[in-house]
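Take a look at this single chain in structure tokens; it is the form predicted alone.
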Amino acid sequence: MTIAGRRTRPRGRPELHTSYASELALFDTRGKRVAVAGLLAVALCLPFLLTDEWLQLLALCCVAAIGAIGLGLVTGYAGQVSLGHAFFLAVGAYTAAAISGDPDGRVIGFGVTNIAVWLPAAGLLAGLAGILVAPLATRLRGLYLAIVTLGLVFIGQHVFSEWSALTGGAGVGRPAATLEFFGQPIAATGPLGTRDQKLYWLMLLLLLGFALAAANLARSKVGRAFTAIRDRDIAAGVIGVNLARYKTIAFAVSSAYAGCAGALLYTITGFFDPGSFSLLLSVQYIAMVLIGGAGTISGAIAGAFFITLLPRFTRELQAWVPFLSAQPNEVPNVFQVETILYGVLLVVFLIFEPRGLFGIWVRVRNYWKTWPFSY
């Protein structure tokens, strides 16, 4: 409702919109705007409060969140289950590494180290790979589509293991893409900060850009078509939604996000090999989307941070559970616990909170909004 040109909104009714402008707003309440501004302020100040080890881990979280947002668009918004995210991450990682690689090195390299070139190229090539897969999505759905996309992971593992001129070969690998912007190193220790501080700020800014783009896409005509297909694709087709077109767009955008995430992911560690893109990586991204909350951008980000930080905390279990070993060749070890936790968390969230961490936040918010009459 509007009074004297000023938009008003009933308090305590977050899902009630009284105008199109309110429904389409990115942050439709003052509380959301204040909360986002506060989170951004804290995030930008973290490099002055945390050690470089934690900043490197948080940079990884930001990159993982970009990939999770992409998977969330195709799985959470469009309802197309994809288990092949590791394949698209690999396409992006090898595209970026090949473009910025040393032309005189032992693996393929073209010597273009500008991030403004190799990052869009990685997203573009991964997006094209997604378009090639998309025709399958128009003919299959549910479990059948999941199995087909799962096959991409195994095909990719075989191709990348055998194509040693590009990948360096299994167990050997190759250097990741170089972080430079028009000849200036982006992540190098200098007067403005350490390498890890700059890496963290760079990945945080990129995450904000990708998240805003995805949020705007979700609010657009394309995003509404995704939601219609997810909720009931036959009904969506009846009302005029072009299923083939929008499923193709969903796979292309999701794959482009995965390609960009893959290109950035190994610039933090500096090295990677074909074994990095296994089925476990796809499972981790599915876990990020499901545990964070499918169908929400903030849920995908929360899930990515949760899953990426989980190994750091499981490694601390050894101090509390002495019989757990930190050596991977001894049984039981913390790495086995970590793998089991992924499965357990997926089962627990799907049974008790299908909306994930985002659903828990909604419950907490509604509890305090209706307190003391919360029941």
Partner chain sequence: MTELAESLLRGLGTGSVYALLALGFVIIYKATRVISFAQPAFMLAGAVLVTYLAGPVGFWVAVPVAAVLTAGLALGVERVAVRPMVGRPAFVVAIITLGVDVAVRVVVNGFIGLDVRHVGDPWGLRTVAVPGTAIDLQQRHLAALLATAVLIAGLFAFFRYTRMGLAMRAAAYDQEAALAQGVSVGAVFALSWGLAGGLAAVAGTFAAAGASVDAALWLIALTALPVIILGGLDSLPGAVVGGLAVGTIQELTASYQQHAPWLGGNVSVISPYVLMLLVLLVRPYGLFGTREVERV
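Residue numbers count along the first chain shown, from 1. In this text the structure is predicted, and so the values were computed from the model without any measurement.
Another form, the form predicted in complex with its partner chain, is not on view; read the next lines as being about it.
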Note: its partner chain not shown here; in the model of the complex, the stretch from 104-112, 255-263, 234-242, 167-175 having heavy atoms within 4.5 Å of it is 234-242
In this chain shown alone, the residue from Leu124, Leu217, Ala188, Leu136 with a heavy atom within 4.5 Å of its partner chain in the model of the complex is Leu136
If we test each of Leu279, Val117, Val222, Ile131 for a heavy atom within 4.5 Å of its partner chain in the model of the complex, the one that passes is Leu279
*Does its partner chain come within 4.5 Å of any heavy atom of Leu192 in the model of the complex?*
no
With the partner left out of view, is Leu346 within 4.5 angstroms of its partner chain in the model of the complex by any non-hydrogen atom? yes
So, Leu212 and its partner chain: in the model of the complex, are they within 4.5 Å at any heavy atom pair? no
Inset, instruction - Considering only heavy atoms, tell me if Gln56 and its partner chain come within 4.5 Å of each other in the model of the complex. - result: no
Those residues of 128-152 with a non-hydrogen atom no more than 4.5 Å from its partner chain in the model of the complex are Leu136, Arg139, Leu140, Arg141, Leu143, Tyr144, Ile147, Val148, Leu150, Gly151
